[in-house]
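Shown below, as structure tokens, is a lone chain in the form predicted on its own; questions about how it binds or moves come after it.
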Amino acid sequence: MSDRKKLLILCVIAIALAVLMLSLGLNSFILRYALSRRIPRLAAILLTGCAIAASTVVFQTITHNRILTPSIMGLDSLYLFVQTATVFVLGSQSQIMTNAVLNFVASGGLMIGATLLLFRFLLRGDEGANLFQLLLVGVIMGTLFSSGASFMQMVIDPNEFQAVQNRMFASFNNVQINVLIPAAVILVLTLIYIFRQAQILDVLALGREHAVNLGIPYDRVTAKLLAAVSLLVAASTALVGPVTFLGLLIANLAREMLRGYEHRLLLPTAALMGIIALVGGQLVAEHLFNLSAPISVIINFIGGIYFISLLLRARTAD
């Protein structure tokens, strides 16, 4: 089966699941109300699935490592640290916690600002982008933010901790239009930029030396793509919360499904898989578990098992 046919099948499955999500359990009495809740939820799923897929594929192409995801830069940990510190210092009834738009701007702005600051000091100079140093600093900062958030969660008031706990897992149940619109603008523009770089990503996949020999300004292009990845991760995380293993799962499945490594097919394939995983997971969480288990728990459980299988497979290959 050709790659285009596989892509078409994934598209049909994604559309079918989306229609099922919008129509399941509807009747004429609650039609308008239900659609007013489900359409923003579906839009958030579509944006998040595409953003996580594109960011992970691009990040793995740049780092030449299939077991890394953008979360290694510590953005998820920074998001949880910001939410925990806000409740710890200002309380759960502060404007930042109760105003969804303000929370989105504060969380997303801090994540983007921290990333750009990191790039400014580590991806500069004539010697090229020190990518491994960037990843190492990201791991260290992620551990620092995670430890700080855990400490505050231990000493915080139990009633206040409930507000933090609601932000620890990705949720699509209470997506608000006034937050979805600015997030959609950021994500769509960034996704368009990344999809327009598909041919350059094909060259970057060959390695730094080959890319430079073929005329690609490697350092500048890598810095821009990493900034785009950070923007996707920051906006999607601020919109719905962290989903750790989704990118790892769909990016690797997309690479295994396709025969070639052309990013003009790899990016939409991973995006469709992300949409299928999120819509399918949301349907399972709503109608099988009655929302007793967040969708991120289901995805992280499956993704964790797949991550272990990747490590074992790599060890066997060595």
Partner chain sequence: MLSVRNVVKRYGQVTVLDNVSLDIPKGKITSLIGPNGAGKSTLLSIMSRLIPKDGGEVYIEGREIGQWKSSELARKLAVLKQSNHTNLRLTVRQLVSFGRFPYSQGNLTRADEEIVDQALEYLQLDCIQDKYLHQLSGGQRQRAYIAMVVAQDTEYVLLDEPLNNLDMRHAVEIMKTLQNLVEDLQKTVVIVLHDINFASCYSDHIVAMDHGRIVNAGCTEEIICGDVLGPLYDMDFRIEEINNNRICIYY
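Positions refer to the first chain, counted from 1. Everything numeric here is computed off the predicted structure, so don't read it as measured data.
Quick note: we don't show the form predicted together with its partner chain, though the next part is all about it.
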Of the listed stretches (197-205, 168-176, 227-235, 85-93), which one has a non-hydrogen atom within 4.5 Å of its partner chain in the predicted complex?
197-205
When the contact criterion is heavy atoms within 4.5 Å, does Leu68 count as touching its partner chain in the predicted complex?
no
Would Arg32 show up as a contact with its partner chain in the predicted complex if we use heavy atoms at 4.5 Å?
no
So, Val212 and its partner chain: in the predicted complex, are they within 4.5 Å at any heavy atom pair?
yes
Is there a non-hydrogen atom of Ala184 within 4.5 angstroms of a non-hydrogen atom of its partner chain in the predicted complex?
no
Are all three of Ile140, Phe145 and Glu160 close to its partner chain in the predicted complex, meaning a heavy atom of each within 4.5 Å?
no
With the partner omitted here, the residue among Ile216, Leu135, Leu110, Ala100 that in the predicted complex has a heavy atom within 4.5 Å of its partner chain is Ile216
Interface residue in the predicted complex among Leu258, Leu26, Ile39, Leu283, criterion: non-hydrogen atom within 4.5 angstroms of its partner chain:
Leu258
